[in-house]
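Only one chain is given next, in structure tokens, and it is the form predicted on its own.
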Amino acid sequence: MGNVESLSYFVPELILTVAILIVLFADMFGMERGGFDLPGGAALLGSILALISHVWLYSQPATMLFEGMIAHDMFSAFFRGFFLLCTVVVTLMTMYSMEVIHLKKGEFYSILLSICIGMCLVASAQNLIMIYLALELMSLGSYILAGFSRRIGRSEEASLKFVLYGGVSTGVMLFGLSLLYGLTGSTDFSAIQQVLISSEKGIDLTAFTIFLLILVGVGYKIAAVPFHFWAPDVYEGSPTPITAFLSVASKGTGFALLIRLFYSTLLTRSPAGGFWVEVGDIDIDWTFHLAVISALTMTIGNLGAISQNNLKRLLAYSGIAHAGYLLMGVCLLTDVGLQAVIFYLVVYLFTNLAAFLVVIIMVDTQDEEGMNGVRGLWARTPIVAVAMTICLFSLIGLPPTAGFVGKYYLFVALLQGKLYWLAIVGVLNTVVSLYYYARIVKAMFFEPTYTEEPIRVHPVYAGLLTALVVPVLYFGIFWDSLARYARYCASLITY
């Protein structure tokens, strides 16, 4: 499809672009008017309108846009909605967070919306050049926001570590992309796949090397072992709303990139249907290699979380572990595995953002992000304690939360794929995670607090926390609609 015709499919990104301009103009006329955050309001309105407009895309047929540079399909539509919804929630978190109240809001929100545009493009990219440009648009903004708050002493350190690790991983990934271009002579996914399909034997080592180099960049985004070292320090040092954004949206970007690039170039659909197999004469056991990374990621993530007392660092290691759970679905190379990944990502969005919102409330009201902040929380703010407990149960995978259903789909997919050893590792890791999540529950309900003063929760935070927790319970009981949605969105364009 030509550039002009493609614009009708690009409405969400265009709305975000206009919102960025309005945010910058609103900042010129004052950050607040009558106590209202004008740049934040403009960013929130723009992201909501973009989210609403993207719903129209689900009814449109799959097609290639902008001369084949990006693709519109149900897979990209899902991730667009995923990133836009995450941006809406984080914008609301930021508007009332004490950690960022003194920041330059115009610059902050414009960068946040730019990151969202980059994430949407990553999920839709059908060309190596577009992938790199979109990834850099997202990454550069993330580096800036991680170190945006100078009032947080660790923020600059977090940003520096983020830049150094990110620059190295992106450079290694770019080298892998250049090797893929040199091997196939094209930057277009479909052309790359066709060249690999018709290739002769003997490129196994080259294909495996390319995959490893690309995996460095992707593994960094999803915080998979051994590319996870940045996550605890960056999560702890960044403003908590940005930590929440990175924990969900950045992880989603990594999985969108991994699935889009890996499945569209090095794999092809099996004639039998429902399975993905190596293209051409490439003979590499992709399932085994990804399964090993999955097992290491969930194990190291859970073991690292056991000794943490800072909630942000604990949730960082928890996020590493959940990246391992999600990789269980990716490594299966089946449609069922992809459906389980999409289902789990939706559940993870609501659960993790709600958990970080509780941390934001603790920081705003007590200036405390450690275990001391949640001790005796049940006695001071029962609603927040109950909400946090629901989130923790979902992260563990206990019924009747949506996290239980998400893990159920992942484990069923593993059993269908006969990866019994990985299923056993996943179950054992779930048991380990029960310990450190239970520590938080114990602190909230059974440990004394240093003060009996009730915590006053901002009405916006109370409403947002409710809006995030309700789906965690709802999809834990009535999950059929979400399962059908995941099945609908798991289809990819293959040419």
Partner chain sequence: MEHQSHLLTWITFLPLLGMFVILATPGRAKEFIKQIALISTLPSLLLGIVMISRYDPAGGMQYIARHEWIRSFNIFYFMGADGISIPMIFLTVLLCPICILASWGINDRAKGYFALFLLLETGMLGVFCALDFFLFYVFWELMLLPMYFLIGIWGGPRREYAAIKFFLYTLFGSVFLFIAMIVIYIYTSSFDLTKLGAEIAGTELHTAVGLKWWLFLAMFVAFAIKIPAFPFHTWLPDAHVEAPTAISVILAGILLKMGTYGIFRISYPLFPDMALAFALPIAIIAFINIVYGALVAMAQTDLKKLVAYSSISHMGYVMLGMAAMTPEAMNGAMLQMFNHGCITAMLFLLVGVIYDRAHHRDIDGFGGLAKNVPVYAGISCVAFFAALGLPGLSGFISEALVFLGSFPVFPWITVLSTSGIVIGAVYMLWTYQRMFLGPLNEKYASLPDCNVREQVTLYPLAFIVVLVGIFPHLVLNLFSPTMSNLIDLLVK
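Remember, predicted model here, so these are calculated numbers, not experimental data. Positions refer to the first chain, counted from 1.
Omitted from view is the form predicted in complex with its partner chain, to which the following refers.
S.K.: Can you work out which of W276, Y409, F82, Y348 has a heavy atom no more than 4.5 Å from its partner chain in the predicted complex?
M.R.: Of the listed residues, the single hit is Y409.
S.K.: Counting non-hydrogen atoms within 4.5 angstroms of its partner chain in the predicted complex, say which of A387, I396, C331, M74 makes the cut.
M.R.: Exactly one listed residue reaches within 4.5 Å, namely I396.
S.K.: Given its partner chain in the predicted complex, answer whether the residues F29, L51 and V55 all have a heavy atom inside 4.5 Å of it.
M.R.: No, none of the three is in contact.
S.K.: Just to confirm the contact call: exactly one of 399-407, 267-275, 249-257, 355-363 touches its partner chain in the predicted complex at a 4.5 Å heavy atom cutoff, so which is it?
M.R.: Of the options, only 399-407 has residues within 4.5 Å of the partner.
S.K.: Should L428 be counted as a contact of its partner chain in the predicted complex, where contact means heavy atoms within 4.5 Å?
M.R.: L428 belongs to the contact set for its partner chain.
S.K.: Taking its partner chain as it sits in the predicted complex, is A483 near enough to touch it, meaning that at least one heavy atom pair lies within 4.5 angstroms?
M.R.: Yes, A483 lies within 4.5 Å of its partner chain in the predicted complex.
S.K.: Any chance Q416 has a heavy atom within 4.5 Å of its partner chain in the predicted complex?
M.R.: So Q416 counts as contacting its partner chain.
S.K.: With the cut-off set at 4.5 Å between non-hydrogen atoms, does I197 touch its partner chain in the predicted complex?
M.R.: It does not: once its partner chain is placed as it appears in the predicted complex, I197 has no heavy atom within 4.5 Å of it.
S.K.: Determine the residues of 106-127 with a heavy atom within 4.5 Å of its partner chain in the predicted complex and present them in sequence order; the list may be empty.
M.R.: Counting only heavy atoms within 4.5 Å of its partner chain in the predicted complex, no residue of 106-127 makes contact.
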